[in-house]
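The chain below stands alone and is given in C-alpha cells; this is the form predicted on its own.
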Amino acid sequence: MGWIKVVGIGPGNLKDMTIRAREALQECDIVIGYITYIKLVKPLIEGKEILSSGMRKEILRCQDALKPALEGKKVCIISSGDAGIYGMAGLMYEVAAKVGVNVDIEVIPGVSAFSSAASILGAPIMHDFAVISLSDHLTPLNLIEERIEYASKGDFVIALYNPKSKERPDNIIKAQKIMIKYKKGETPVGIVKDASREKQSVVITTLNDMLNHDIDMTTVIIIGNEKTYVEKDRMITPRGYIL
C-alpha cells in the first residue's frame, strides 16, 4: 500500500535530522521537494526518484505526491525545519481533501529553524514566545502588524521568519517600529542567518540596532522579553526559577 510522509528535514545540517525523518527517506520510492531542500538531503536520497520544483510551487508538489501514492508507491514530500511549521503538512492534507482521495498521510516532525537559531544564540526562548512570519505573500500585512502588536504588548519573546526580501524590504522596519513601542530599545536581539548550514552567521545586538545588520530570507530573528539578558555572548531568557 502506498503512502505519503510529509517530512521535516530540520534546518539544514544532516546532523539535526531526526531518526524518523531519515527512516522515512530510506523507505520511500519518491522524494518531492523544493530544489534547495532536495540539495540539502542529496546524500540520503541517492537512487530515489526525485521530483524538484522552484518557489511558490507548493500546491503542485502536493498534487504530484498523490498519484504515485495511490498507485502504491511510497512518497516523501520534504520541508525544511518542521513540516508542520510554515511547511507542507497542512497543505498536503488540504490538497488530498480537495481532490477527495483516501490516501495514508503521516507528518514526520523536525527541528525547526527558530529552535535551531535559539540553541545557537543560547537560551532565548525559555518562556512564552510567538513565532511570526513577515512574508505577506499569503497573509495580509495589516494582520501581520496586528500580531506583532499584540505579541509585543504581551511581552512575548518573538521569533521572526522571512524578515526581509528584495520584494519587501520594509516589513522588518515596520516590525521594529511596532515592537519598540512596547519593548525597550536595549532589548537583546539575536540574528541568525542560515542556521545550522555551512554559511551560518550569528549576531547578538539590540532592538535599537537590529536594522544595522545583514538580514534576508534565510534569517531568523529572535527578540527577547523584558527579562532577557546577554551573558558571555549568549542570550538568556530566565524561566523564573529562584536561584
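Keep in mind the model is a prediction, meaning the values are calculated, not measured. Position 1 is the first residue in the sequence shown; the rest follow in order.
There is another form of this protein, the form predicted together with a small molecule, and it is not shown here; the text below is about that form.
Asks: Among 98-106, 139-147, 156-164, 122-130, mark the stretch whose residues have heavy atoms within 4.5 Å of the small molecule in the predicted bound form.
Replies: Contact criterion met by 156-164 only.
Asks: Answer with one of 53, 208, 218, 63: the residue that has a non-hydrogen atom within 4.5 Å of the small molecule in the predicted bound form.
Replies: None of the other options qualify; the answer is 218.
Asks: Indicate whether the small molecule has at least one heavy atom within 4.5 Å of a heavy atom of residue 112 in the predicted bound form.
Replies: Contact check for residue 112: yes, within 4.5 Å of the small molecule in the predicted bound form.
Asks: Just to confirm, residue 67 within 4.5 Å of the small molecule in the predicted bound form by heavy atoms?
Replies: Residue 67: no, not in contact with the small molecule in the predicted bound form.
Asks: Looking in the predicted bound form, any heavy atom of residue 151 within 4.5 Å of the small molecule?
Replies: Judged by the heavy-atom cut-off of 4.5 Å, residue 151 is well away from the small molecule in the predicted bound form.
Asks: Whether residue 58 contacts the small molecule in the predicted bound form should be assessed with a 4.5 Å heavy atom distance threshold; does it?
Replies: Residue 58: no, not in contact with the small molecule in the predicted bound form.
Asks: Within 4.5 Å of the small molecule in the predicted bound form, do 80, 194 and 197 each have at least one heavy atom?
Replies: Contact check passed for all of 80, 194 and 197.
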